[in-house]
Ligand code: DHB
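Take a look at this single chain in structure tokens; it is the form predicted alone.
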Amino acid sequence: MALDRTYRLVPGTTIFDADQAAKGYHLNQFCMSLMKAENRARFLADQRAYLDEWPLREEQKQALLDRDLNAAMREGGNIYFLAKWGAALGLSFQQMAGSMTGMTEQEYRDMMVGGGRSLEGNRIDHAVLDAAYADQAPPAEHAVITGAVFTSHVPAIGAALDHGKTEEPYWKPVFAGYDYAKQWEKDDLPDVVFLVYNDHATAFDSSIIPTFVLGTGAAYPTADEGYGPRPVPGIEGDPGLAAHIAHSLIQDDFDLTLVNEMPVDHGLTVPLSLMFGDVAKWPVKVIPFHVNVVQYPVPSGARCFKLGQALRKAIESYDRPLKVQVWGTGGMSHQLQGPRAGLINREWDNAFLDKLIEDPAGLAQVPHLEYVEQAGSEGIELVMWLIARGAMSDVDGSGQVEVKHRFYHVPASNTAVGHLVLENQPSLENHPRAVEPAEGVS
């Protein structure tokens, strides 16, 4: 079913949705810059010169120079951002609102004193609305999830790669465990990777602690985590698919934080290096998805598993024939703090892998306490694997998965390393136009 955007049919109204936000990102950031007095002074001294400092389309610049708020909103502007621009010009909200209605300021004020604009004549034409609902059919072509990758994202693995230590006796068994997956990726390269990871006090500090963060930007730089940025490429995002996923997940009642700019740390770059090696440019677009597993409360395994199911729905309703993989990263058992630092639980880790394959719904019910007690305080990262697992077609019986590779190793620095590759195989009956796909925990 197509996403419900019937709000676009309300006459005289521009709804600021994810598509509009992407279109007007730099326009709205320009407006925010005017919250600083020195920037306002520079703007008012030479409006065109100041606008030329921003990567704006000519249509956006002209809308502002013409003081045409309706045009600015068609170009992705939002009224709350544009209000900063209006304030810099000395305009009141009534002046701005009046300018969009064809009224003078006095006429607009008189209308408001008289009770405001009537709803009569300003409703949706229900014939148009009925036609819009009738057109909400599945797209003729759509994206499909071809597989899932699960892997630890140990920072020391990145350091070993970056400093040429992969053939050393300590590290060689770790990297050998990824040889299969690297070839598997080459044989059926996806267009986009939806990569679930956690930020490690890099993009997000104690000033803001979002639970779920969806990267909706066009690019993400490699973070400096204190040792200098890793010598790896920056990330190219997919704003179109990300905006679609945002719309779908939020309509399914998952509260997301949408972020257009953020550096990405080892939680995201190490898995890419393990799968694609040393490259000048990553061969796929990446949509980053951060999950808070640092400060409690953290999301439950059940919530993550349900999010994965909603994610599959979102991806498969996108009307482009993309091949998408979903990666769950973090873990396995490890503890980095306190007297229990260094804890590893091989038996529990392997039982987790067994149940992730055979009974993911049951695994989703494991409480936080068990993760912390059995897998260490940082072992809670494993709940992120359930997002990727929930996105597979066998969960609702509309397909099946095939285990292509499984690997487990101790140690890699302070951590047990786990790695699993599942190939998603949706049934052709349920996906007739899809792209060709490539003992338990208590």
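Residue indices: 1-based, along the sequence shown. Computed from a predicted structure; not experimentally measured.
Although it is not shown, the form predicted in complex with 3,4-dihydroxybenzoic acid is what the next lines describe.
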* **Stretch from 409-417, 393-401, 45-53, 58-66 whose residues place a heavy atom within 4.5 Å of 3,4-dihydroxybenzoic acid in the predicted complex** => 409-417
* Could you check which residue among 182, 200, 306, 109 gets a heavy atom within 4.5 Å of 3,4-dihydroxybenzoic acid in the predicted complex? => 200
* **Sole residue of 360, 155, 177, 237 within 4.5 Å of 3,4-dihydroxybenzoic acid in the predicted complex, by heavy atom** => 155
* Could you tell me if residue 336 has a non-hydrogen atom within 4.5 Å of 3,4-dihydroxybenzoic acid in the predicted complex? -> yes
* Does residue 230 make contact with 3,4-dihydroxybenzoic acid in the predicted complex, using a 4.5 Å heavy atom cut-off? -> no
* To do: Classify residue 323 as contacting or not contacting 3,4-dihydroxybenzoic acid in the predicted complex by the rule of any non-hydrogen atom within 4.5 angstroms, answering yes or no.
  => no
* Heavy atoms within 4.5 Å of 3,4-dihydroxybenzoic acid in the predicted complex: does residue 266 have any? -> yes
* Within 372-392, which residues have a heavy atom closer than or equal to 4.5 Å from 3,4-dihydroxybenzoic acid in the predicted complex? -> 381
